[in-house]
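Okay, here we've got a single chain as structure tokens, the form predicted alone, with questions on binding and movement later.
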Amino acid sequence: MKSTIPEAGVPITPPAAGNGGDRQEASLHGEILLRLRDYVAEGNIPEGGRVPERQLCEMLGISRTPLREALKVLAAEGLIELLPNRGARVRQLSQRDLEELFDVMAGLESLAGRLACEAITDEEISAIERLHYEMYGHYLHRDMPSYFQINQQIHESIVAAARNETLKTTYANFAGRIRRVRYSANFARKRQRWAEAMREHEAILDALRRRAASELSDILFQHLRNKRSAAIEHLAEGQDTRPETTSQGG
């Protein structure tokens, strides 16, 4: 599976001293967080598995202090759990957890779609169109990590277009908690779910172009419901094959 973290480990350039150091440090933290989040979401560590801090430090070319700062953010997002004096482990979700989380996400995205149709600009629709076709290219090349990153940007763009900060904050909180399983759900039913999701995104874009609020709301709700079914199916597949295999990711 492709990962944003190279096998050999390419050290992240530390910030230079002097003017702009604070901005560079923030950029460094962001890059560490992005790579680490993708690494966990893509299933490189099994559910319930301990986070290999030493290995990740070597792969990223960083010390444990910035790594642990990034782990704190991932814990707040719900991807991992911090263990007192024992490091961290990838959070493991039950079927009931998935059902509840995806239902809440379906409601949030449904509302976001309705509100977005009332406030979105032509420029924002054009930007989402560009993301859609970029995502489609990744789908054709079977590049799941890149597809998933663009996919998340599309959903986040629709939420942002709703112009509701409370909704945006709530969405971000729940999105982090199911990011890993949302990624792995595309592997259910031998890639059939991936193709279904791509067709659903075509319908999402079409409704958004027409600013069809009720239609887009319904499509997004069903899109998340379908994702929920695939996620639960993938969870069951993983349980059937343990301990020989591990989960593919979030």
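Residue indices: 1-based, along the sequence shown. Throughout, rigid core stands for the largest set of C-alpha atoms superposing within 1.5 Å between the two forms. Just so we're clear, the structure is a prediction, and the values are computed from it rather than from any experiment.
This protein has a second form, the form predicted together with a further copy of the same chain, left out of what is shown; the following refers to that one.
- Look at 125-133, 138-146, 112-120, 152-160: in the predicted bound form, residues with non-hydrogen atoms within 4.5 angstroms of a further copy of the same chain sit in 112-120.
- E100 belongs to the set of residues with a heavy atom inside 4.5 Å of a further copy of the same chain in the predicted bound form.
- When a further copy of the same chain is considered in the predicted bound form, R86 lies well away from it, no heavy atom lying within 4.5 Å.
- Not displayed here, a further copy of the same chain is kept clear of E31 by more than 4.5 Å at the level of heavy atoms in the predicted bound form.
- Heavy atoms of R177 reach within 4.5 Å of a further copy of the same chain in the predicted bound form, making it an interface residue.
- Although a further copy of the same chain is not shown here, in the predicted bound form the stretch 122-136 places no heavy atom of any residue within 4.5 Å of it.
- The rigid-core alignment places the CA of E81 2 Å or more apart between the shown form and the other one.
- Superposed on the core, the two forms differ at K72: its CA moves 2 Å or more between the shown form and the other one.
- Residue displacement note: R177 has its CA displaced by at least 2 Å between the shown form and the other one (rigid core superposed).
- Cα of F148 to Cα of E53: at least 3 Å longer in the predicted bound form than in the shown structure.
- Pairwise change in the predicted bound form: T169 and R37 C-alpha atoms lie closer than in the shown form, at least 3 Å.
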